[in-house]
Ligand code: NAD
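We begin with a single chain expressed as structure tokens, specifically the form predicted alone.
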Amino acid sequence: MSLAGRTALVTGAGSRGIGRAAVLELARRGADVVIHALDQEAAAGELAAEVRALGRRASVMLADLSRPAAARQLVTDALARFGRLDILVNNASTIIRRPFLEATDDDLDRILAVNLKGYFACAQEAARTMVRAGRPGRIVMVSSVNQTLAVPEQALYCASKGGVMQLAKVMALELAPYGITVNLVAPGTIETDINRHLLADPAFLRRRLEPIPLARIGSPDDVAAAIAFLASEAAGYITGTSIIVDGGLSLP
């Protein structure tokens, strides 16, 4: 599963979460990595230093992926920085928890701008780059079990992730003739900066653990391992599918 000689762009890698873990896992396997963050320049810079310590090249780029033009420019700049782009990991997303009857049009616009339109713009620009290069490529969409699992007060988030799932499937169909695979990784409950303070509450932790058969909260490394697999030659005959990383949460 070596990624030596490959260049990857990982979006949403400015915090202690899935993006950061994916960057390090890809670098350990030999890839040079462009690290995207919204505005966490210091944290992204520290991550880049870790990548370089592994003997790989790293570059930090800041962009607001809710703006399609910025998302497309990010891909263009990533290509210019290292001269090639073999792997895109679409990971940057946001969540708004609000009862359906209280959700606003602005809430919906924000969720879709980041979670769906941002994914679309980055993926389309990366795919165009890969097609022009005439080399096989890998696009990995970090989705969620909520692409199929409905959760109260998360109607907008679930809708955005369902959209990502369908987008990836159609992309997989259309890009297969070019040797570009498109797959999804669908995490369940993963401890990240977004929820770490909530998981520190014993009552909240018990509620989250109860429906998980493996009886533990997932780590970003659990998800990063699946991302690295889908980015590798070992997954060359896999496209249009989801790897669910949830400890069995979605089994019942």
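All residue numbers are counted from 1 along the displayed sequence. Only a predicted model underlies this, so the values are computations on that prediction, with no experimental measurement involved.
As for the form predicted in complex with this ligand, it is not shown, yet the points below apply to it.
Distance criterion of 4.5 Å from any heavy atom to this ligand in the predicted bound form singles out 114 from the list 96, 175, 155, 114.
Note that among 141 to 149, 176 to 184, 101 to 109, 76 to 84, the stretch whose heavy atoms approach this ligand to within 4.5 Å in the predicted bound form is 141 to 149. Shown alone here, residue 18 lies within 4.5 Å of this ligand in the predicted bound form, counting heavy atoms only.
Shown alone here, residue 168 lies farther than 4.5 Å from this ligand in the predicted bound form, counting heavy atoms only. For residue 225, no non-hydrogen atom is located within 4.5 Å of this ligand in the predicted bound form, even though that partner is not displayed. Contact check for residue 194: a heavy atom falls within 4.5 Å of this ligand in the predicted bound form. Shown without its partner, the chain has 63, 64, 65, 66 in segment 56 to 70 as residues with a non-hydrogen atom within 4.5 angstroms of this ligand in the predicted bound form.
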